[in-house]
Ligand SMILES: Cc1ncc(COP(=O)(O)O)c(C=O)c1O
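Single chain ahead, by itself, as structure tokens, in the form predicted on its own.
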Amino acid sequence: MSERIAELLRRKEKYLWPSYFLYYTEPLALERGEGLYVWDVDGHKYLDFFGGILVTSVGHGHPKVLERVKAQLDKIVHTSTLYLHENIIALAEKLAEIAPGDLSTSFFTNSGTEANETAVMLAKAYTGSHEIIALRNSYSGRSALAMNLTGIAAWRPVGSEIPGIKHAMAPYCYRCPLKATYPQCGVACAEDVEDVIRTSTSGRIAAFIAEPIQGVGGFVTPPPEYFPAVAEIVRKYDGLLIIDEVQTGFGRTGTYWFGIQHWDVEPDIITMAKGIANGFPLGATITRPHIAAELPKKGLSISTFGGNPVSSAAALGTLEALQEEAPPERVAQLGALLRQGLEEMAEKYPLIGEVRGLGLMQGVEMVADRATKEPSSQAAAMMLDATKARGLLIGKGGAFGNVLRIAPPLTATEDHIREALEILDHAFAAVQDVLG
């Protein structure tokens, strides 16, 4: 560890909460970024295939984003939602253009956590019900409500329970809680949503909330029948379908602008954040006009910083760059190239239990034994260090901390994908050699 990084670490440990945990055996201190590359304080260069947790959707320092931000900084930085501003209206119009169905009216906040909070508040106001169905293995954010919606114990540190939240089985075929095999299982995880409603609620719910692909949970991707079946069940019990696109939105999964569109399901509410503004804080909750109209009847709601002029300008620049340089069809092509390379590695390295995901959101589950599927968090941690040592940044997650999360900026090229695959291949070989 260099002296510069050691000094930053000493200051961090003195002045920041221990909750700020860090990746890597020797922490990484980033100083600047350009496109798909970042540099640390010692001048080492890395190919960024995690994008600040799927945030830098058009890469670091994209000109279209910076131009709009710089222009806005010379005008006005803050207004609040109490005043009209061109940027927030223009952004809402753009989201209405790309959102599925008749989702056309937005409320802006600062983060995915707040977007999910807003969605749940709206669902309760619209339905008059208060019970929410979430999924095990899910992640919804770090507020009290969001942590209660989250279905992973490690991400629920507070322990105070909010009533009315129930968790159904996740569509995690690789680790099916019923020990069943798809498709012979008949997608029993979808049926479990109805069982939970019947046995653990009053029988009338406000909403069901889920990620199209579980992000922090390890890029868990459901079978094709899952969401259509769940949507039918939720509406049968008068609930709204909230889809959390904080990680999957804006073409990340390829082919479509939003991940849920792969399953031909139209939600009642979509939440988004992360990649929406390429690093500037912004969250959005979009719904149908008649649903949004219910909230003012129940009370007032504002957001001091939500959709501020600078973040909205960044989002407009981000969407412009995505539409011109990285539309969903292009992301699907790049995702196929990445997936092919990862599948080929799965044939070579027994440490790989499963490759899954869509588009440029690919997960690799690491196991100690393929037959037993024993998770190997050790292998995942070693892979993070091994890829970093070779100049590649990736993420990890999963309920067992054993899933590699590979999600580059959507402006990646074929050369970037091949460079990453070559580094991953060498890293897998090194880790496999050590662990046997």
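The first residue of the sequence shown is number 1, and the count goes up from there. It should be emphasised that the depicted structure is a prediction, and the values quoted were computed from it without experimental measurement.
Only in words, not in the display: the form predicted together with the named molecule, which the text now covers.
- Think of it this way: in the model of the complex, the named molecule has a heavy atom of just one of F107, Y139, F208, F258 within 4.5 Å, and the residue is Y139.
- For the candidate set P171, G335, G317, G112, a heavy atom within 4.5 Å of the named molecule in the model of the complex is found for exactly one residue, namely G112.
- From the list 244-252, 198-206, 119-127, 96-104, the contact stretch for the named molecule in the model of the complex under a 4.5 Å heavy atom rule is 244-252.
- The named molecule is not shown here, but in the model of the complex it comes within 4.5 Å of a heavy atom of V216.
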